[in-house]
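Only one chain comes next, encoded as structure tokens, the form predicted alone.
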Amino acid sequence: MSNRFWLAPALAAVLLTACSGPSADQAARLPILGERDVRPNPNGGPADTIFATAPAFKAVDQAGQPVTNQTFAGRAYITDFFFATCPGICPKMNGALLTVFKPYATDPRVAFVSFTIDPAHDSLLVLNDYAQRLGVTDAARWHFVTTGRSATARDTVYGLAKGFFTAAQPDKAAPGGFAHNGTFALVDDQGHIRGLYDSLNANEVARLQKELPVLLAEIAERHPQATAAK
């Protein structure tokens, strides 16, 4: 089995949601991906639309610090899923993410988080070594995280991968023993997934580099005082 694969039904749902036509004032904004729930207004006004958010998670990064959704409250973050001994797509995937990271290495408006899909092997020491070899010296800027080493840790991270519209699973026939794809997810300050990008496609990586500033400008509009303070 190839180590690049897609969750077709989930992505189809995302594309159908994203393709609904934006209003004029939303034209310059990125779409909100995932399912949405339209709820009638009990007072007879316009209906309320509730957008899906990224899955909740609890993890620990290479510095031993807890990392949750609240770690990124009020700012954007970018996710991917990898494992330290991956001989296939991971070096190219995280190399591509490194090119996105470098201009924002000291920018507090955006963070990066990479989830290991092999928590049994990827201890905090392993994750720290991986980050250092990649050139990431500040764990507060780019978190390499594990969901723990319990018997359920793998299932937890596989569920998270699905929630971020990517995929991961054990596969003895795949390089390194895991089949996964190289999707980056861009998440906004409210927890909404705003973009999905194929890390193995240079045009998709360039699209992320182009769309990240668009999202940061939108977030700045919502938090003008925080932007002014910086």
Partner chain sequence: MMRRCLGLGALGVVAALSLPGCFSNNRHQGARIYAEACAGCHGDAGQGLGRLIPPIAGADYLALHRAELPCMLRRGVHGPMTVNGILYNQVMPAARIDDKQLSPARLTNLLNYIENNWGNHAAPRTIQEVERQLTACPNVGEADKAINLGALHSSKKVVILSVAEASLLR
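Note that the structure is a prediction, hence the values are computed from the model and not measured. Residue numbers count along the first chain shown, from 1.
One more form of this protein, predicted together with the partner chain, exists but is not displayed; see below.
Every residue of the trio A59, H121 and L124 has some heavy atom no more than 4.5 Å from the partner chain in the model of the complex. In the model of the complex, the partner chain stays beyond 4.5 Å of every heavy atom belonging to F112. Although the partner is absent here, G44 lies well away from the partner chain in the model of the complex, with no heavy atom inside 4.5 Å. By the criterion of a heavy atom within 4.5 Å, K92 is counted among the residues contacting the partner chain in the model of the complex. The shortest heavy atom separation between L98 and the partner chain in the model of the complex is within 4.5 Å. Contact with the partner chain in the model of the complex, defined as any heavy atom within 4.5 Å, is confined among 68-76, 155-163, 103-111, 128-136 to 128-136. Contact annotation for 146-167: residues with any non-hydrogen atom within 4.5 angstroms of the partner chain in the model of the complex are T146, T147, G148, R149, listed in sequence order.
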